[in-house]
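First, one chain by itself: the form predicted on its own, in structure tokens.
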Amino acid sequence: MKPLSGIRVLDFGLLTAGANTSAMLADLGADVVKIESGAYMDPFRTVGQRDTAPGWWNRSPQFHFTNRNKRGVALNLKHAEGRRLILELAKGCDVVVENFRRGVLERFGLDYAALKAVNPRIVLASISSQGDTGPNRLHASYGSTLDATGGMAALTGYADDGLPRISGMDVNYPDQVVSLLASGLVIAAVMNARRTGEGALLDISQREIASFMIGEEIVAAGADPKRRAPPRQGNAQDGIASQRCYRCTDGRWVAVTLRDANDEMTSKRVTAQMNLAEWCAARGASDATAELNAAGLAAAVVRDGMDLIRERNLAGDTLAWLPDGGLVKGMPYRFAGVPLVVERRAPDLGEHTNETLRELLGLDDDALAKLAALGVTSAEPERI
């Protein structure tokens, strides 16, 4: 039994912030039912498009990263019958995860008040850019804009150009962090709901979480209103003699930290008084790291994704492999004696609609045929 076996999640999560939150819960054993439709599918389905053959929207790598271990149900929220079925499904769920723009659930009549009316124990994890209240509640964002609004970009960058640096679309650091914290909040809320019989609305602001990650800097600024933000330092760090990356002869990089004057003396002994940059440039990254480590210095090869795969021997570790052999993001936790594996690839659009509606709502073939005829369960994208 996985830790969240017996928990059911109704998933409206999109992209990373929402869909990866529910993926964390699915990895832990929750039964996650992802809701999309031909009228509106997860935008990740269109990212990284590899071909134009029929069904290409089911082949996005990014979509597979954040939707493994889920089943997919097509229900059109723009249709009254689709909304009615959502509320029927909510009666048997513990959690709803969503990161729509603010106001979308209210317009569809699926906000927390409506969900609580049919299931008092429901937990709604409402993930948004700026939170459910306040003057900026309707603002949309990406991880890059959250770097800016949360204060991170004011601290990152290099001293020589003074420009702020953001984590970028390929990393979207705030989105990754919020999915980890949000999944923990959901678990705590479900535990409380099972104890008290009362659900909860979790108002999760990505900007506030981004600011939390640099909380000590914000507190320091608040303690001294005249204090200016510290200058950007690149790889440098206050109190550390030297902290830099050096390119080696094989094209790879080595990160080296010299903590104090003693480390600097040790470095000069190892390099025979050569400049560290020149010394590294004459060696392979692995050899340079080994020599520096042997002298007691902190040094490490800068690894890329393939390095990490090889060094973790992922071929023998099912944590990040799909059943068909493809790779997805691994899981950030393990449980002793409980294998956490990717048991199910990400679903095709609406792949499990009929079987799920039969199982959870008891619909028969006639009812399913009527829904299909009305377009409620259409799994063909209306717009590309």
Partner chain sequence: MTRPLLGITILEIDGPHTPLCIRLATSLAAKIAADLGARVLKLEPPGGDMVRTTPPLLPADGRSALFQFLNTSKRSITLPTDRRAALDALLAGRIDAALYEEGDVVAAALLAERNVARVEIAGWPESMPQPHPPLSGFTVLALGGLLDMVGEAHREPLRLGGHQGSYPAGLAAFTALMAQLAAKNVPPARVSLVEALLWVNWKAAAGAHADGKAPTRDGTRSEFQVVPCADGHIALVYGVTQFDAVAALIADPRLNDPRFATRPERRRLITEIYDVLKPWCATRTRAEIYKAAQARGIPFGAIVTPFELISDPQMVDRGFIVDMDGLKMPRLPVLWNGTGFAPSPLIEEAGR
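Here, rigid core means the biggest group of C-alpha atoms that superpose within 1.5 Å across both forms. What you see is a predicted model; the values in this text were computed from it and never measured. Residue numbers count along the first chain shown, from 1.
What follows is about the form predicted in complex with the partner chain, which we do not show.
- With the partner omitted from this view, the residue of 265, 118, 277, 300 that lies near the partner chain in the model of the complex is 300 [heavy atom within 4.5 Å].
- Proximity to the partner chain in the model of the complex, defined as a heavy atom within 4.5 Å, holds among 204, 285, 86, 73 only for 204.
- Residue contact check for residue 272: none of its heavy atoms lie within 4.5 Å of the partner chain in the model of the complex.
- Proximity of residue 261 to the partner chain in the model of the complex: non-hydrogen atoms within 4.5 Å are absent; the residue sits far from the partner.
- The closest heavy atom approach of residue 164 to the partner chain in the model of the complex falls within 4.5 Å.
- Residue contact check for residue 41: none of its heavy atoms lie within 4.5 Å of the partner chain in the model of the complex.
- Looking at the partner chain in the model of the complex, residues 18, 100 and 113 place no heavy atom within 4.5 Å of it.
- None of 74-82, 90-98, 250-258, 277-285 except one has non-hydrogen atoms within 4.5 angstroms of the partner chain in the model of the complex; the exception is 250-258.
- In sequence order, 176, 177, 179, 180, 181, 183, 184, 185, 187, 188, 189, 191, 192, 194, 195, 199, 200, 201, 202, 203, 204, 205, 207, 208, 209, 211, 212, 213, 214 are the residues of 176-214 having a heavy atom within 4.5 Å of the partner chain in the model of the complex; the partner itself is omitted from this view.
- With the core held fixed, residue 293 shows a CA shift of 2 Å or greater between this form and the one not shown.
- When the rigid core is held fixed, the Cα atom of residue 251 travels 2 angstroms or more between this form and the one not shown.
- Relative to the superposed core, residue 214 undergoes a C-alpha shift smaller than 2 Å between this form and the one not shown.
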